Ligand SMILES: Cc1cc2nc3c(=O)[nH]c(=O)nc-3n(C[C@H](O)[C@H](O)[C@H](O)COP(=O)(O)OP(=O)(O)OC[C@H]3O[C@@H](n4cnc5c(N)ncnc54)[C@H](O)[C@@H]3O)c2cc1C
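Given next, in structure tokens, is a single chain: the form predicted on its own.
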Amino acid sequence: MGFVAGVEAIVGAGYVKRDAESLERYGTDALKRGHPADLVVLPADTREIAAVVRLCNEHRVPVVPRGGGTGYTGGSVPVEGGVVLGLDRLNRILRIDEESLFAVTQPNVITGDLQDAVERVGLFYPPDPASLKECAIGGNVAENSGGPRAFKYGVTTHWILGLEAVLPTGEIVRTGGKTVKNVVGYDLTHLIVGSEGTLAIVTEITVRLIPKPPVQATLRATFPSVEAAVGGVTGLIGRRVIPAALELVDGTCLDAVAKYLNVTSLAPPGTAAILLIEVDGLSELVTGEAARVEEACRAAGASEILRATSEAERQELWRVRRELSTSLKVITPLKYNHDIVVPKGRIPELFQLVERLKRDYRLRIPCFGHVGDGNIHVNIMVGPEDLDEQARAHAAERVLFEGTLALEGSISGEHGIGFAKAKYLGLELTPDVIELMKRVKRAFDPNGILNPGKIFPNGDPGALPIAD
């Protein structure tokens, strides 16, 4: 039996796609770069995934796991052809345990749907990537995603208790469990979290929950300059306020959202930046923290502070942030989206660096991001047909990364490396550290079939094209 026939025998011929539209669609993500798959396979469960992976390993065929396909570094798309293993059908929340405070979910559950489900019973899953209405929880695990609430609540890895996963050699393993404390052996759970689908295919996720904070206060502060807005963040920290969410949006982004949504009420004329700030907890604590937020913003020069008085107003304030990524397309449809991160105290220097890049390389670079944890999305906008602008942008990318590292930061806070940033890995990591990571990769994936060409610039030797 040939390879394709073997796959069809496992999942059913109806769940094996070879048409051009499927191969192309599963061959790109939000980065809009990649390589068409040779075969798209849509298994129903862990058993079928394990059987397909064993077959791929036997035939040395590359296999790439894919969930929502919303990533920005090419982590879920093939670079060498092979099989794209679509997790589309693994989309159920399996259990919500209200007493022990955990939920068990399959990987292709949309993150926002998981949040809504647990909140309906008074519980809370804090990680909230901006794309939470489209991205899947399995992708959040693969990339160790963050989001606006990371300042107070941390990132995905802080909320993962255990995993079920299929190894590249076909074994099914369980790591971690359903308890908050677990120090038995190596922490394989959190080694797999953030590994960008290169070590294992996650098929089941156990997440930690907490009671939903009873009260939220959401504020929007507008500023005449980005520097003043950053000063507001510094003031908050100085007053020992830890917001549940803290986002900065610059004026260029605001203009793009206003044009995209065809509204004029997002901020007063002349606004150069806004802060979106949310505090949560018990009513008496939230009242005091919200007052300190207003005090810090006014001291930094805020021109206007607006506080939501209803859930509808709160959602409208956050709508600016949720629509940002799509809205930037009104500037130009092509962007190089970089999620660099620096220590909070060095955010002003980061924005100074971006201003130099704008000037020196003649580029449009709107910025927004999770300013509370220093994670800023630097969007270098380029014309799809303007090769000179694209060349200037690529030159600026390296300067951005080098400058970020000089500020004691990192070239990726949540998007990962994928293949888009692989060539820059050596800027941040030493050869010894990279080799150690490669040894871990070989231990999990001795034949180099799982998501090859990601993270490491030289790829993974050993995988072969599909023969039939």
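All values reported here derive from a predicted model rather than from experimental measurement. Note that residue numbering begins at 1 and tracks the sequence as displayed.
As for the form predicted together with this ligand, it is not shown, yet the points below apply to it.
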* Asked: Residues in which of 253-261, 68-76, 385-393, 308-316 have heavy atoms within 4.5 Å of this ligand in the predicted complex?
  -> 68-76
* To do: Using heavy atoms and a 4.5 Å cut-off, decide whether L246, L328 and G374 all contact this ligand in the predicted complex.
  => no
* Could you tell me if I201 has a non-hydrogen atom within 4.5 Å of this ligand in the predicted complex? -> yes
* Asked: Should D280 be counted as a contact of this ligand in the predicted complex, where contact means heavy atoms within 4.5 Å?
  -> no
* Asked: Should E414 be counted as a contact of this ligand in the predicted complex, where contact means heavy atoms within 4.5 Å?
  -> yes
* Interface membership of H370, this ligand in the predicted complex, 4.5 Å heavy atom rule -> yes
* Structure fact -> As a check of understanding, the residue in A273, V83, A142, C297 with any heavy atom within 4.5 Å of this ligand in the predicted complex should be identified as A142
* Interface residue in the predicted complex among T105, T189, S131, T222, criterion: non-hydrogen atom within 4.5 angstroms of this ligand -> S131
* Asked: For the stretch 230-245, which residues lie within 4.5 Å of this ligand in the predicted complex by non-hydrogen atom distance?
  -> none
